[in-house]
Ligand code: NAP
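The chain below stands alone and is given in structure tokens; this is the form predicted alone.
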Amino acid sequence: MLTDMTGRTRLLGIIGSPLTHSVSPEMQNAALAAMGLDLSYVPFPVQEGCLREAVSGLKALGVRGVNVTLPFKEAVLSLADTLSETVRKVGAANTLTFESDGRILAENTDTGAFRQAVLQTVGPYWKGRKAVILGAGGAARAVLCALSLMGLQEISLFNRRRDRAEKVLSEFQPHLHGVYCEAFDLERGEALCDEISKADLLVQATSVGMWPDADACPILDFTCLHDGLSVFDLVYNPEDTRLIKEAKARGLSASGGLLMLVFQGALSLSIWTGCNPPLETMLDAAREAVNRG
């Protein structure tokens, strides 16, 4: 049992803004109950500009660990005492652990989770292929890291601010051995359609299409969704975004981010508890929470 010195249930949680879309509490609490651990997972909404105070407060309250979501995956690095190798490579963290000696450890479980989810849902063979990534935030950085380890030959990175995409690629250059990368402006629809038409994998790594704006989509021209293209959308709520629905309607291999959510959550729980969480229990709980709306 993981209790504090008073014997009270210890807390885990998630920090971000907003958190109304998150189903992590339902998913993680289902896993903790199945594991018989005296831990509870709760949401901690944090306003932008208040991150340092929030993390300090969580540490003072004896919280065991938290997941980190938008918009803090990069900003949180400056508050951690120890960064994992993956975090240093990605430049973003989604998991903080508060150690008993006062240290804060930062880890990124998004990278491994994305790789697991893609291999399981849209295909295992990516060596020598081309990918298009939409977004240049913390999640996109984790995707870029994972794809570079999966043997892809070419990556096109689109973002609303092209200079941000260029900065990300510049920072990743030492890790992108033999991978040709180019940054693009996401608002340039013609360039986006052209790059997707030549790609084998499309990864949507922005928050566009997340509940409650489920009809939104960063792609306006769906004719570029060609035969042979696989599509992965990191958004998990709704389970099928508009992009995923359009891809499936064309008979393409496509998946939303629910399984990735489960994998990253399980990896985080393993870090905090030293135990292997029940994946099926987590997936069922996450799907039920999403479908319940």
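What you see is a predicted model, and the numbers here were worked out from it, not measured in a lab. When you see a residue number, it is the position in the sequence shown, counting from 1.
Note that the form predicted in complex with the named molecule isn't included here; everything after this is about it.
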Within 4.5 Å of the named molecule in the predicted complex, heavy atoms considered, which of Lys198, Arg161, His175, Lys127? Arg161
Answer key, the named molecule contact in the predicted complex at 4.5 Å (heavy atoms) among Ala136, Ile155, Val76, Cys145: the residue is Ala136
Is there a non-hydrogen atom of Thr121 within 4.5 angstroms of a non-hydrogen atom of the named molecule in the predicted complex? no
Is there a heavy atom of Ala183 lying 4.5 Å or less from a heavy atom of the named molecule in the predicted complex? no
Can you tell me whether Ile104 touches the named molecule? I mean in the predicted complex, with a 4.5 angstroms heavy atom cut-off. no
The named molecule contact at Ser230 in the predicted complex, heavy atom, 4.5 Å: no
Interface stretch in the predicted complex with the named molecule - options 65-73, 245-253, 222-230, 40-48, non-hydrogen atom within 4.5 Å: 65-73
Considering only 196-211, what residues come within 4.5 Å of the named molecule in the predicted complex, judged by heavy atoms? Ala205, Thr206, Ser207, Val208, Met210
